[in-house]
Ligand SMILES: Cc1cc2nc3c(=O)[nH]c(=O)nc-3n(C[C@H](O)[C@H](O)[C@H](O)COP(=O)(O)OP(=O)(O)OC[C@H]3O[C@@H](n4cnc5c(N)ncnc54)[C@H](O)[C@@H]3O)c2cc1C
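Just one chain follows, in the form predicted on its own, and it is written as structure tokens.
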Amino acid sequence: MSNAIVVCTWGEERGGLPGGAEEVLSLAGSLARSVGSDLVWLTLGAQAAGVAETAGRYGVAALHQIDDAKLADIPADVAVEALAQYCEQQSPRIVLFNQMAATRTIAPRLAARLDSAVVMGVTEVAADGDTFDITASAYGGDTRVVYRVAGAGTPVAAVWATAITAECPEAGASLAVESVAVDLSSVSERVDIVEPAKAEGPKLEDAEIIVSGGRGLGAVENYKLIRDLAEALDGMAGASRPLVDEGWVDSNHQVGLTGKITKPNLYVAVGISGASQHMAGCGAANAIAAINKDSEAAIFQYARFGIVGDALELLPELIRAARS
């Protein structure tokens, strides 16, 4: 389906869909309608349970799948080869990914294979004829920059799904999957994973409520108040980078540009100044509540609710209120 807007995803997360799929489809669907192109959804490896029905709801014209034993864990070398062959066959107008750890490796390499541009941290894409205006996060999420991408080739964009609100334009019937054949027999992965990282329990990036602590807590023993409030609110505990660097909590709790990118309904920031690197990980929350002794702290620029006060005095009262 030449000249299509292609969204590429893999795996299965919350709701039986690949992570960020609905948000990227929403952005891509708006782009496809604006330029009169078809929207194509390409999945790599085993297809997630909710893909066919979701494709119909988001106005996807064709649902493609590349499935091969070598794609079981989406190794980078194999994925890049599969996508390069797909683009050679299909000649898409642009390829959009959800930005996550794997796409940081795959998207730039695919663009190099296609001899085209790549933009990471994308929040918006518009088209003017054969030119794309791609808006991306810059300076740790503190500002936005617009890249004008023109010329031949298929540009590649990795989208910050957490910065987008999915808008489902229509209700449609489930789509039948179309298998796309590629030859991966000559590809060998150059990096061997001896033991994959194992994540147990709920994931911070999936939490509806997050309570995060920062340097304003003063001492490591005070982080227990963050855990207690998170538990009382049926949420999860997070932290700013300094707490992770100082060994108070492990990196699975870190929110920010170099940690987890989250999109909760409520984000409670306790003793956190509001640096741009931290806000890149929580700025997409539906509501931010901040507690900080410094009335001039940057976090209050982002917060819907703010309390200027000593967190160590306020947290026990909030925990009691939440538990009752």
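Don't overthink the numbering: it's just position in the shown sequence, from 1. Take the two forms, find the largest set of C-alpha atoms that superpose within 1.5 Å, and that set is the rigid core. It should be emphasised that the depicted structure is a prediction, and the values quoted were computed from it without experimental measurement.
From this point on, the text means the form predicted together with the named molecule, which you will not see here.
- Judged by heavy atoms within 4.5 Å of the named molecule in the model of the complex, the contact stretch among the candidates 58-66, 38-46, 23-31, 268-276 is 268-276.
- Note on contacts: among Q99, T162, Q254, Q90, the single residue with a heavy atom within 4.5 Å of the named molecule in the model of the complex is Q254.
- Proximity of R215, R241 and G259 to the named molecule in the model of the complex is complete: all three residues have a non-hydrogen atom within 4.5 angstroms.
- With a 4.5 Å cutoff on heavy atoms, I291 counts as touching the named molecule in the model of the complex.
- Contact annotation: V51 falls outside 4.5 Å of the named molecule in the model of the complex, judged by heavy atom distances.
- The closest heavy atom approach of E13 to the named molecule in the model of the complex falls outside 4.5 Å.
- Put simply, A303 is far from the named molecule in the model of the complex: not one heavy atom of it is within 4.5 Å.
- No residues of 22-60 lie near the named molecule in the model of the complex, the criterion being any heavy atom within 4.5 Å.
- After superposing the rigid core, the Cα of C282 is displaced by 2 Å or more between this form and the one not shown.
- Positional change of A55 between this form and the one not shown stays under 2 Å at the C-alpha, relative to the superposed core.
- I66 is not among the residues whose C-alpha shifts by 2 Å or more between this form and the one not shown once the rigid core is aligned; its shift stays under 2 Å.
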